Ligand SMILES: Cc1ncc(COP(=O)(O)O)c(C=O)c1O
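Taking the form predicted on its own, here's one chain by itself in structure tokens.
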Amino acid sequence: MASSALLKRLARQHGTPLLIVDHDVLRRNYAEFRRRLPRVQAYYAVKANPAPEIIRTFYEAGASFDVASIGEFRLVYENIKNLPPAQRQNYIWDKIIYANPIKDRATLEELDPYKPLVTYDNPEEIRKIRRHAPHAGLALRIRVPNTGSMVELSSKFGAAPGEAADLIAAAFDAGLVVEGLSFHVGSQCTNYDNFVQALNMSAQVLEEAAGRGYALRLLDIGGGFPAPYDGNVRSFRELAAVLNAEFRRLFPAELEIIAEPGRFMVATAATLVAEVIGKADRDGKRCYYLNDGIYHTFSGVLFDHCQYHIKAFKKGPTQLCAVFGPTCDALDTICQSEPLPDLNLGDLVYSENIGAYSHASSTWFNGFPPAQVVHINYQARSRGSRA
């Protein structure tokens, strides 16, 4: 993370709450993903953090993009299209996958001229795509184990593997082209056996499809790559070794493999600085109130089942404290047992590893605005740092 001195200097310069995104960390995370998984093309999951600056940095690094709404598609398209000519590559539609299995009709009609790659998992979606986006290429999403993942997705999306070959045949019978399979093991997956089971299930589906005359050429292994929130998270190196071994064992070299990393790419790249705006003792426990909370940058506590730790710049003996956000809603509780020193009104605190599924869900609830965002080391090679 950025140094304490830099965090405090930026907070004085811009005010708080302030979310500081370090693009050097973004580039390092992308480079590590590509180095550890050289066979896999990374399609950054825009929903994790849709900041245009982040999209541009990943695009320049060579990433593709996973979008799940027409708004995200437009965001990616506009921010790539508007890059200065010296930084802009030719825009290629196949740098995006629309990986939401359920799409409304208007979205499909807007996407169709681009001959998009989209996912599906049921017969109704086949009929919808045939009518509203007949030029799309399809990837069938199958349901795979999500055991132990922080956010499970299998209850909402994915065809049963036993139905997969029939759904592939149904799409071809409708005059569409199925390019491949996709799956998702659940967000922040630390149970690497989920990936192993999903890859083996995919290999069986591909084999069955080939036996029925459908040779698929793509496998989308989704997201779920864990961010190192603490020392208890198994290393990405370990996961990559497992994946690479399974790739070699299960799939021919010509099969194209893509993935949708989001959290892994951006979580560790951002730090929030907030201010203590209230202080009270309730039922024997010290309580602090910050000018950021659950309806804002700490939204991941509620929506993402993620616990972010609050740290103080001030040193001294600590006690377990409750920390709340600024709104009048009791739901706005960041944590109930954070070890903090004695803080005064106006003191600054910070929270690391808060770049994913945080500011992306911020609201203006109760009249409190989202945190300001400042990008450091942004396009440093061509534009210089903003810090």
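So that there is no doubt, residue numbering starts at 1 and follows the sequence shown. Every value quoted in this text rests on a predicted model; they were computed, and no experiment measured them.
Below: the form predicted together with the named molecule, not depicted.
Query raised in the report: Going by heavy atoms within 4.5 Å, which of 294-302, 162-170, 276-284, 180-188 lines up against the named molecule in the predicted complex?
Result: That would be stretch 180-188.
Query raised in the report: Is Y120 a contact residue for the named molecule in the predicted complex, using a 4.5 Å heavy atom cut-off?
Result: Result no; Y120 lies far from the named molecule in the predicted complex.
Query - is_contact(L26, the named molecule) in the predicted complex, heavy atom dist at most 4.5 Å - result: Close contact is absent here: in the predicted complex, L26 is far from the named molecule, nothing within 4.5 Å, heavy atoms only.
Query raised in the report: Given that the partner is absent here, does I354 sit within 4.5 Å of the named molecule in the predicted complex, heavy atoms only?
Result: Contact with the named molecule, no.
Requested in this report: Answer with yes or no whether K47 is in contact with the named molecule in the predicted complex, where contact means some heavy atom within 4.5 Å.
Outcome: Heavy-atom contact with the named molecule at 4.5 Å: present for K47.
Query raised in the report: Which residue among A312, A136, V144, A99 has a heavy atom within 4.5 angstroms of the named molecule in the predicted complex?
Result: Result of the distance check: A99.
Requested in this report: Just give me the residues of 260-274, first to last, that have a heavy atom within 4.5 Å of the named molecule in the predicted complex.
Outcome: Contacts from 260-274: E260, P261, G262, R263.
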